[in-house]
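Next up: a single chain in structure tokens, the form predicted alone.
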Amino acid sequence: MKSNHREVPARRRLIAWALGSTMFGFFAWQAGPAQAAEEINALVWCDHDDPNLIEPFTRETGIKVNLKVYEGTGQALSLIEQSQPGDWDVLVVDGIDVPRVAAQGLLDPLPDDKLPLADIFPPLLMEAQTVKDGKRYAISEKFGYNSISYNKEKVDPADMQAMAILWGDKYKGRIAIYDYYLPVIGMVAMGLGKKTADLTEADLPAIRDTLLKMKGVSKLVGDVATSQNAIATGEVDILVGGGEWVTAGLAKDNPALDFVLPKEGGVLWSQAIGIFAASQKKDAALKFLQYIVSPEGQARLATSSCYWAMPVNTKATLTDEQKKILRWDDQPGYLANSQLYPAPSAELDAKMQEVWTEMLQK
């Protein structure tokens, strides 16, 4: 099985979480034959592997959730290919990859009348990705932005309002770049006045030149653990591609860390949850999905120990302090001023990766 063309091994966006693999004790549970009626097997991102999220559901329903944390849609598809039909019941996946997964017949249509669709932030319904031929194959559960994280005691917050500062000389040697090509290329494109949805090969020369400028003034390019650690420890003061997923969970211990969507906006990421078409426990799987998108489940997922990010349910039972950290009141403006990840063809994607590799090697 080839890996997802939108992924670079060890460089995955939010779900790479190498930091989390050591801090939060991921366990590599392997799927096997169907077990007890009140057990389900779920392929998930690391934020679901938190007892504060899972244990309340099990206490309430008696359903045990066996979790397997994976890193990237390509890896998930490989695990599915190696499994038997019915081994898996629930899948958490990158929102932009729902069409790809659904096209392979892996997901079961969801019952709209049993989902809190009216309570979801409208842009996060993402029906262009989750609905096909009138059938919904997944529902968004959490979202955020790849933008700019920074130390507001070390840099002028006003400077963070324009992306051009990221490839200028003012903060030379004090910048880290998150090592995942799609969101950072998306940010650069937006900084150059381009739309992420409209990128073509003709846009790559300008993007390449800007990436090289940014690399020239940066101290490092790193994966999640490296880049997050760099800004947390003060090794750098700015992280390109950061966002609430970097700073929200650190806010209590380091209130100087902040994030911003500059005037050009941010790159919107989302994750979605669906039920496997081959599941033999769809009723139990649906109960879990309903819990995850419920106000209580959303609050726990949003503040998971692995990473914080915005819940999609507008009724999530977050505290006022949690909402403040996640910029709850700013979301309408943020959503209006954000664009989705680039979704290039295989050919354009390969050329984007070539540009990114060239930048890394300079």
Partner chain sequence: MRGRRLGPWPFIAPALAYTALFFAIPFVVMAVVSLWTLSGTALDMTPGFGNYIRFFTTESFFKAIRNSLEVTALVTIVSVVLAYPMAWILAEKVPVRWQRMALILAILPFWTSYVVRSYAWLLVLAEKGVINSWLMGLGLLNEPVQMANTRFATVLGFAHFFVMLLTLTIYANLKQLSPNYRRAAADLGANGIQTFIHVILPLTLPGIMVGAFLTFVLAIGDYITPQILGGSNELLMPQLIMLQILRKPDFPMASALSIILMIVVSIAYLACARWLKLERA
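Fair warning: this is a prediction, and the values are worked out from it, not measured in the lab. Numbering follows the first chain given and starts at 1.
One more form of this protein exists, namely the form predicted in complex with the partner chain; it is left out here, but the text below deals with it.
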Which of 196-204, 73-81, 106-114, 267-275 lines the interface with the partner chain in the predicted complex (heavy atom within 4.5 Å): 73-81
Position in contact with the partner chain when the complex is considered in the predicted complex, options Trp88, Phe288, Tyr181, Tyr137, heavy atoms within 4.5 Å: Tyr181
Partner-contacting position among Asp283, Asp119, Asp156, Glu235 - heavy atom within 4.5 Å of the partner chain in the predicted complex: Glu235
Exercise: Asp223 in contact with the partner chain in the predicted complex, heavy atom 4.5 Å: yes
Heavy atom of Met126 within 4.5 Å of the partner chain in the predicted complex: no
Partner proximity in the predicted complex: Gln161 to the partner chain, non-hydrogen atom cutoff 4.5 Å: no
is_contact(Lys213, the partner chain) in the predicted complex, heavy atom dist at most 4.5 Å: no
All of Ile54, Gln322 and Ala336 with a heavy atom within 4.5 Å of the partner chain in the predicted complex: no
Neighbours of the partner chain in the predicted complex among 334-362 [non-hydrogen atom within 4.5 angstroms]: Ala346, Glu347, Asp349, Ala350, Gln353, Glu354, Thr357, Glu358, Leu360, Gln361, Lys362
